[in-house]
Structure formats: C-alpha cells, structure tokens
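In the block that follows, a single chain appears as structure tokens, in the form predicted on its own.
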C-alpha cells in the first residue's frame, strides 16, 4: 500500500503534487518519442501529474512530446513550461506562450516560468505574464534560476509578488540554496521546484548514499529524492523515460528517512555555511 502523493498549494491557490516529471532532453530524437510519450502517460497513472517542459528543450520538441502524451488526458495534468530570456519582452513573452500552447495542443498552461534572467526588464516580463493570466492562457506564473537578489528585485516590480514558484538546481550535492534562497522563499510561501534532483545520475555512485539506501532496501535515487521531499515546499522533478525508474521515483514518497540518517547525509553532503552563488545546469 503506497502513501498518497501529498500536494503543495501554490500562491494563488493551485494544488500540485510534491513530485513530478521533468522532460529536459526529451524530444531530441524521433525514435525515442514513443517511449517518452509512454513515460509521461505512466507518470499520470502514478499520480505524478506535474509535467515540466520548456520551449528551449529540443527546440520545442519536448513540448510536442508532452502534447502528444496528454492528447486525451489534458485535464489530469499540471503542465509547466518556460519562456527563454531572449523572448521575454512584453510582446515576445505572449508570442512565445502562444507557440508553446500550439505545440502542447492545449489552450492553457497551469504554470509558466521565465527560464532565467536576461536582457529584458522584469517589469515587462511580469506585465506580460499577468496579461497572459488575465486572458486565461496561463493559470499562474513563476521564475527559474533566480537567486535571492533576483527574487528581491522581482518582488520590487509591479505584481512581482504574484510569483508562484522558483525552479532551481537543488540536490544533495548542490545545497547552496539552503543558506538563504530556500528560507527566503519558504518565508514567503513560494515553493522551490528542484530540477536535476539526482544530479543527472551522478549522485548514484556515492558510497554513503549507496550504504544508506541498502539499509532501507531502497535505491540511492530514492534516498536522494526522499531527502528533498523531507524539505518544506520543495518539489523534485526527476526526468526519466525508464518506466521502472519512474515507479521507483514515485515510491520515494513512501520513504521516511530517520534523523540519524539525515545527519549522515549532512556529513557526506555538508550543507552550506556561507552564501553560495546559485548554480545552474
């Protein structure tokens, strides 16, 4: 009997599961698309209904994969996409959103993110995001790869406090956000969406992580995900097209790590003792 996947309430009232599916690198090869479509649909079956994509991923082909997977199941999914910074002028953001909607085969996004900071003023991007929300093309908006100073600047522009999510690189080996960015967002009830939560697989060979996982009859990936799921308002979005790994990722929800083992993880992957600039992949 599995634990149900808990939900997090975003600013504005939308509910999202605490673990989702990333699609970075999906859509890059046509021969892989059937398996990728199956993975997205299987994620829905498992209750991992948050599906994250972006216009930049495979030049839009990732969005096409997601759109095909959701063709008859759009209502089950919480769909996230992103605008690249060079498109993030007022008009450019609206036009980019329209293109994403067309590739996804839907008339709305649940969440639309600015992928990272660029040359266009935040005022213009936020105004476009608010316009898209008012028109019903997006239900909420947020940002990605914003450090604490970026978030403070965002909150200083008109309607900037309507930000619903900050998606950043966060995993056991990349804990810099715990010093200031994570607490800053938690105090303002802005969830952190953690991309590359197992460091694209590189974490899985760490001896201590393997040792702890064996004690739980779990995989190293499950322990790495459970570490993030223990954090308040953190949503890991691991990417996989392997259905067995997808089920393992979902089962990380059932894993309760003891305080003693959390201390062991801290010893193996020390939390930051000072400000660390936000890392990106």
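Residue numbers count along the first chain shown, from 1. Remember, it's a predicted structure, so these values are computed and weren't measured experimentally.
Separately, the form predicted together with a small molecule exists; it is not shown, and the next lines address it.
Verify the flagged residues 55, 109 and 148 against the small molecule in the model of the complex: is each one within 4.5 Å by a non-hydrogen atom? Not a single residue of the candidate spot has a heavy atom within 4.5 Å of the small molecule in the model of the complex.
Counting only heavy atoms and a 4.5 Å cutoff, which of 155-163, 189-197, 176-184, 133-141 contacts the small molecule in the model of the complex? Among the listed stretches, the partner-contacting one is 189-197.
Applying a 4.5 Å heavy atom distance criterion, does residue 68 contact the small molecule in the model of the complex? No - in the model of the complex, heavy atoms of residue 68 and the small molecule never come within 4.5 Å of each other.
Consider residue 204 of the chain shown here, and say whether it contacts the small molecule in the model of the complex, taking contact as heavy atoms within 4.5 Å. Looking in the model of the complex, residue contacts with the small molecule include residue 204, since a heavy atom lies within 4.5 Å.
Taking the small molecule as it sits in the model of the complex, is residue 24 near enough to touch it, meaning that at least one heavy atom pair lies within 4.5 angstroms? Residue-level check for residue 24: yes, a contact with the small molecule.
The small molecule contact in the model of the complex: residue 240, any heavy atom under 4.5 Å: Contact check for residue 240: yes, within 4.5 Å of the small molecule in the model of the complex.
Exactly one of 245, 32, 41, 231 has a non-hydrogen atom within 4.5 Å of the small molecule in the model of the complex; which residue is it? The residue from 245, 32, 41, 231 that makes the contact is 245.
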